[in-house]
Ligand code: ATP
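Okay, so here's just one chain, in structure tokens, the form predicted on its own.
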């Protein structure tokens, strides 16, 4: 869906993007994360054909972004971190204006405005002045500006910035809904925990370089990481566990637990390569052998954990 090859962008005295190359699959939601100054906003602006890189190539649905920026604008929607709204206009006028600017056919604009307002949960505010909207409503309207022309790709720079928890939850639902319609999204955000609600790809930048690009971070791996907590840890438990079918890489870990006598409980983490039926058989065998199990769960590594591990 999106292909970037050897992308270089320089500000005076600083290289913001240093030979970036990656591909984004169709129908994905990619979390674009990294420290301040990593180059995230610059990358999004290059992909949106708003600034021209020093060198490299960007292709979206086969369109060369650098050679055909106007054609690119018809298939993408871009929400900048600092967006502008026409405060004196009513909500329906703002959406209609951007639909016309995106060359949407005049006769279908009213329907597009209503559809966008319903998706954004602002259908009851269409006649309100934009200047009277709350921060969350303004953010929704700004997203509406970026999708009013029904683009195939959405590039969103900090879309949850300044939103309250309820509005962030609504935003997550909206992004998932847009994705279910077949749209490909790239979302830059510093709020890593919320990215787990919708992102399935992860792209980490640091100092203008890619330090990790994980495709389908939520898809099933060949193995699953399992955590077992025991009331007490027999000395030979690791050997017993490793001798079982489909178990590899077992190790003892310590998790802080204020309810235990010594302030910490002993747990075992291991990789399991079998299906659910085999996992059930393993648990049944451990219980039958009288191991005092108090915890047993699958450990899912979230976006924040992947990011911190990679940056460190």
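In this text the structure is predicted, and so the values were computed from the model without any measurement. Numbering follows the first chain given and starts at 1.
This next part talks about the form predicted in complex with the named molecule, which is not shown.
Screening 28, 246, 59, 41 for any heavy atom within 4.5 Å of the named molecule in the predicted complex leaves a single hit, 41. Think of it this way: in the predicted complex, the named molecule has a heavy atom of just one of 299, 19, 292, 14 within 4.5 Å, and the residue is 14. Residues of just one listed stretch (28-36, 66-74, 267-275, 280-288) have heavy atoms within 4.5 Å of the named molecule in the predicted complex: 28-36.
A residue is said to contact a partner when one of its heavy atoms sits within 4.5 Å of a partner heavy atom; residue 190 meets this definition for the named molecule in the predicted complex.
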